[in-house]
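Below you will find one chain, with nothing else, as structure tokens; this is the form predicted alone, and questions on how it binds or moves follow later.
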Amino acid sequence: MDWSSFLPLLPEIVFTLMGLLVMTLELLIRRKETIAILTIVSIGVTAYFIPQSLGRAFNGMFVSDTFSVFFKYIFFLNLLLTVLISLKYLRIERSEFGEYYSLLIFSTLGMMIMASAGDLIVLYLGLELMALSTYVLAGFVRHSVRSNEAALKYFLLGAFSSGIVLFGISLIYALTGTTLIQELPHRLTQAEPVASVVALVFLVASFGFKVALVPFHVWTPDVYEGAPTSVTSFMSVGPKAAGFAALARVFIVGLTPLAAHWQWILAILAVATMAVGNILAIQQVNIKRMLAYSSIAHAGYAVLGLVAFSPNGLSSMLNYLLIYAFMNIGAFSVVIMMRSEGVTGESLEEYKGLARRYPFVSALMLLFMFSLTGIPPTAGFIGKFFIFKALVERGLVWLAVVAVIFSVISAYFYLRVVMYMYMYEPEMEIEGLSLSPALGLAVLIAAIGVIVIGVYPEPVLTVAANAGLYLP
């Protein structure tokens, strides 16, 4: 081993050092805005090293390629927007503690390791680093019973999920004698078929928990509703994208001999996920809980890119996850804007007549709701269109039709928010929105992303196509 072996890990090493620096300075600096700025600087410094650190380390246990780079930039986008929307929100919730930002950094670090994991054990280490940090973040508002409950539920179910993934990894190791993902295809062809399928089921269950696929989604509504809104925004994008990064690398690179099995398993789970997410979202009157079921449904759309098992399918999944980051964080940012003394911003009733008092904020929410629905010319339409296109190209027309039907169903609960804002009279007084320059910048970035990708998607589509994994 020489120092060149560490080059692919350079971004992770730099980010770890920056996280430790943030955690240390939090003890010395009273102004938490300074800690937030340092976190943003950490993102910029680490992002500089990412494209310069391509390669494999430790005999392929850690892989820095275009696929992982694409996801790392999604993680950094998620972290940046989360930091921006957190400053004002934490002050309102009386939870301005500096360790919040170091936990965000370490959770993102775990996601980066997951995206670059070339070995199942490395993947597990990244998953646990991400999960343990997120458990604490979910309960960060210490005086809130809902936040404490969310953290406890997430921890208990997450621990159970970790046991399942370890059992699946142990079965893979028993069958193949290796945990290196790139060596699995050759050895699985010589393994016991029934035992291989059993191991596959355990891996599907564990990854299904991380990305909130039905029936492994039960934690999502309660945790999303109870966690601080800024943390809910962070959780809805970063960990979900990391789960898809790991799912794609393990299944496409490592479990290729079992593709005939996992394609059908994922197709069934995708249909169930879209059905449960979209149908149960209809009856929700809490915006955060509605967006939680929406997040479940969008996981069903994204996994269809893997079901297609083609270069276009994989690139459409990458494109979809990037678009989802913009529109989902944008929607949660508006919810945070609504948060003030005496107003939670979570009840649908609080949005009645919002357009009469705050037309610009209402227009932003309308934009994000249209994009989540998939209405052109927003980015959400581009994301869904290329997912459906990849399915049709692979002859899975029936699956594309089912996805379109559920997209139409989703219009009800997304456009209901728009109807409340524009077609109802105000029923309660909202003295003022929780506006700040940082929060405004976050919403602006999200809105620009939704509009630009919707109108001119070619650059993002090209980058996503070039970031795909090798498909046999």
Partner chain sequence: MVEFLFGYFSVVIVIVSVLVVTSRNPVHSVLWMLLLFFHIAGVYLLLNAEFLAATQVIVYAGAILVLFLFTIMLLDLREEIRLGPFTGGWPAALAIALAVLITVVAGIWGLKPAYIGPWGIKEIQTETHTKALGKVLFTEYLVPFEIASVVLLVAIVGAVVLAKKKLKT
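Note that the coordinates shown come from a computational prediction; the quantities given were computed from them, not determined experimentally. Residue numbers count along the first chain shown, from 1.
One more form of this protein should be noted, the form predicted in complex with the partner chain, which is absent from this view; the next part is about it.
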Query raised in the report: V165 near the partner chain in the predicted complex, any heavy atom under 4.5 Å?
Result: no
Query raised in the report: Any of the heavy atoms of T24 lying within 4.5 Å of the partner chain in the predicted complex?
Result: no
Query raised in the report: Going by a heavy atom distance of 4.5 Å, is Q190 a contact of the partner chain in the predicted complex?
Result: yes
Query raised in the report: Should D222 be counted as a contact of the partner chain in the predicted complex, where contact means heavy atoms within 4.5 Å?
Result: no
Report summary line: Per contact check vs the partner chain in the predicted complex (non-hydrogen atom within 4.5 angstroms), the hit among 266-274, 380-388, 251-259, 168-176 is 168-176
Report task. Assess the spot marked by E99, F106 and G139: is the partner chain within 4.5 Å of a heavy atom from every one of these residues in the predicted complex? Result -> yes
Query raised in the report: If you check Y424, F49, Y412, F58 against the partner chain in the predicted complex, which one has a heavy atom within 4.5 Å?
Result: F58
Requested in this report: Answer with one of L314, L364, L129, L354: the residue that has a non-hydrogen atom within 4.5 Å of the partner chain in the predicted complex.
Outcome: L129
